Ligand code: GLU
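Just the one chain here, laid out as structure tokens, in the form predicted on its own.
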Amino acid sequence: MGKRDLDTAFFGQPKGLSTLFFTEMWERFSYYGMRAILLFYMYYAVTKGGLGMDQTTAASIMSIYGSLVYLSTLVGGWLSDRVWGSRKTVFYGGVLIMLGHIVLALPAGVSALYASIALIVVGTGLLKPNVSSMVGGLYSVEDRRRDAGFSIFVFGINIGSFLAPLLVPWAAQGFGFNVFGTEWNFHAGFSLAAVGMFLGLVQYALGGRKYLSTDSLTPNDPIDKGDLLNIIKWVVIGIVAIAIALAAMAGVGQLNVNNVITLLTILAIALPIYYFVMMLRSPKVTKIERSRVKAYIPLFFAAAIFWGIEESGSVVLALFAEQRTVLHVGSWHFAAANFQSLNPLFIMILTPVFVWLWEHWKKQPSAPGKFAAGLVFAGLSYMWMALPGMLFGTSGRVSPLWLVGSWFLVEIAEMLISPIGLSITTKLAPNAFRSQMMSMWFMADATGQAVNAQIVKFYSSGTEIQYFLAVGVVSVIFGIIMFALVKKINVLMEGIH
């Protein structure tokens, strides 16, 4: 394709990018709006409009919820590749997400919480990997605009993510008028999240018909009847195995939320191992593709560490904001949930800088080198959070600038890892596992958050120094190891840059 034939209608990018840009923007608005207030909804007392859960349990649920959301992308990627095609799979996912927020908006207690989790987990699993896969499909492998296009796509994600932690808590607090008669009405906030997903669905349905390729309407590797029967058999076996495990736990009196979370953590760690083995052994994967999958393994591991830190914004850092941070600047008061807008705010500020950098830096590091630097910055963001406790103790409140500094550092890490990871995943993906490989990118997030679901149990105001230092040092050490492996990974990538 010559330069004259290039579609440059959306800021120099294909017009289809605008449809996917706004779809993800609204989906992230709904998701991060819900997450901004969900932790507080779970552990606030009933008199404050919450469910009155134990704080540690609520934090673990938040982490495993995030893990399950990304874990389910494996199913979404498979259904897209083998059954529905990416466009239909995304639409079905958006509908389920919207229904999940509607259920959570109902004042039905813990039962509504778990029903909402199930709907949003499945819906996001269908939507996320396939939207990203369609972004990659807008470009040829040789198109130099790909990395910049993914950076713009991530920028759209963060517009929704920035507005949500401001508007959803505001709605939950009566739009500033306390019209609900209590400090919080979380269900009003969850309703606003549902509206956001509805707007995303409308935009996607209208724009998809005009600007997305018809290839997205059909699966890349359609399943035949024999394979379908085999898959159904294994799904039934899996369901039976889970039922037996839960029944065994109930039989010995151990069926409780914390043990279920531990079971899910094991699953989130085991699944990517299985998936890598399956792709490396598949006859559908060529020798060159197999080498590229091997190159992806250390990138996956690095991404899991990074996402474990980055996703703590709605868990550990949310607790720090609520319990250890001064929630006003002069006469300006704000909610602890508002801090979660710092993440996307810094990404939006930094994205143009990094887009320019990747387009003009001729001798820039390869993807593994960027990942290594990202791990170091992520670790430093946590080590920074150990300083206020070391300097002032852990019993009082400290300046909100500590959280601002931490988020700034981790967002530098995200700019080095997230858009680059999305792009390199589409480049390294075997043809037969295109969408499923994108699911592996989100699986790294699932694994990181699953580990968080266990280690967050050790966090409290009294242990914050040790907690932040330990996690931060681990990330920095693995960043240094990644730097040492850069040349070897580049060789395994077989010509992909």
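Treat the numbers as computed from the prediction; the structure is a model and nothing was measured. Numbering starts at 1 and follows the sequence shown.
Beyond what is shown, the protein has a form predicted in complex with the named molecule; the following relates to that form.
Judged against the named molecule in the model of the complex with a 4.5 angstroms heavy atom cut-off, the residues K128, I157 and F442 are in contact without exception. Within 4.5 Å of any heavy atom of the named molecule in the model of the complex lies no heavy atom of Y382.
For the chain shown alone, W307 is a contact residue for the named molecule in the model of the complex, at least one non-hydrogen atom being within 4.5 angstroms.
Proximity of R434 to the named molecule in the model of the complex falls outside the 4.5 Å heavy atom cutoff.
Mapping the unseen interface onto this chain, Y70 counts among the residues with a heavy atom inside 4.5 Å of the named molecule in the model of the complex. Contact annotation: of the candidates W26, Y65, Y32, F468, the single residue with a non-hydrogen atom within 4.5 angstroms of the named molecule in the model of the complex is Y32. Of the candidate stretches 442-450, 45-53, 426-434, 456-464, only 442-450 has residues with heavy atoms within 4.5 Å of the named molecule in the model of the complex.
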